[in-house]
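This document opens with one chain alone, in structure tokens, the form predicted on its own.
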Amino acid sequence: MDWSFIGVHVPDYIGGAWVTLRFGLYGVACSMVLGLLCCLAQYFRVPVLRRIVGAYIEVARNTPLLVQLFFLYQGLPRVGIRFSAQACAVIGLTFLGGAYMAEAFRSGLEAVDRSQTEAGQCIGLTAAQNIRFVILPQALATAVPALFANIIFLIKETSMFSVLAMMDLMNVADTLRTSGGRTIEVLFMLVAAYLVLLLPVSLIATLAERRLRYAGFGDRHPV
């Protein structure tokens, strides 16, 4: 293990980690918004939207992110639609992540007993208030593990951004491996960089789940 090589190239990995984290978080945030909207369309059984959302989820979950990125970056320009590499990265990650987030939110909503909705209606809550104050807090508490698992999954999927010529962690590692021939050192730094990015997310997930349970949001007592 050449520690001097590692010390020299740590700044390269810091730059790659920043690109990975920045655009990964953009994609995660957009995925959560898209997933929640898709979930609500299915939950309220909006006829046309429900079919569209169902088809979208099946397509997104059953095609690799690599194929989706190639379609955005190399396929769409053939018909005159062009996006920057950064835009393709965020759109692709959102397209993939939105489907997984929708399923996570759906599992949380379905775990909330229908009696909770009925109890909210009995005390005079509107449909919007019922969703906001009764259903969503309980659903989110249940969905927290799945949501954070999806966040970790999506950040790991940012390794595909290297095909867009973005200098993310994977691209930095591949460049150093090709030019320097230090495979062990390069892979060691790559693993370490992903651990530094993802371990805090795992810890936050554990703390969030415990806090929600302690606050009582995971309990399904009648309203």
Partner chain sequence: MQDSGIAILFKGINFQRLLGGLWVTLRIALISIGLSCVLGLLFGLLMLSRRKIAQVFCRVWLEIVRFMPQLVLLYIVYFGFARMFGWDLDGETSGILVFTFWGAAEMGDLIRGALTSIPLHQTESAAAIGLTQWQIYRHVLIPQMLRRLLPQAINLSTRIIKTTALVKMINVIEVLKVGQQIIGQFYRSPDAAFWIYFVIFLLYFLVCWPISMLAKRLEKKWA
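Numbering follows the first chain given and starts at 1. Computed from a predicted structure; not experimentally measured.
Another form exists, predicted in complex with its partner chain; not displayed. Remarks below refer to it.
- Candidate site formed by D12, G15 and A85: none of these residues places a non-hydrogen atom within 4.5 angstroms of its partner chain in the predicted bound form.
- Taking the partner from elsewhere, F70 is found to have a heavy atom lying within 4.5 Å of its partner chain in the predicted bound form.
- In the predicted bound form, no heavy atom of R50 sits within 4.5 Å of its partner chain.
- For L125, no non-hydrogen atom is located within 4.5 Å of its partner chain in the predicted bound form, even though that partner is not displayed.
- By the criterion of a heavy atom within 4.5 Å, R61 is counted among the residues contacting its partner chain in the predicted bound form.
- Residue I152 is the only one of A146, I152, V134, A111 with a heavy atom lying within 4.5 Å of its partner chain in the predicted bound form.
- None of C30, V163, M167, A41 but one reaches within 4.5 angstroms of its partner chain in the predicted bound form through a heavy atom, and that residue is V163.
- Of the residues in 181-195, those that come within 4.5 Å of its partner chain in the predicted bound form through at least one heavy atom are, in sequence order, G181, T183, I184, L187, L190, V191, Y194, L195.
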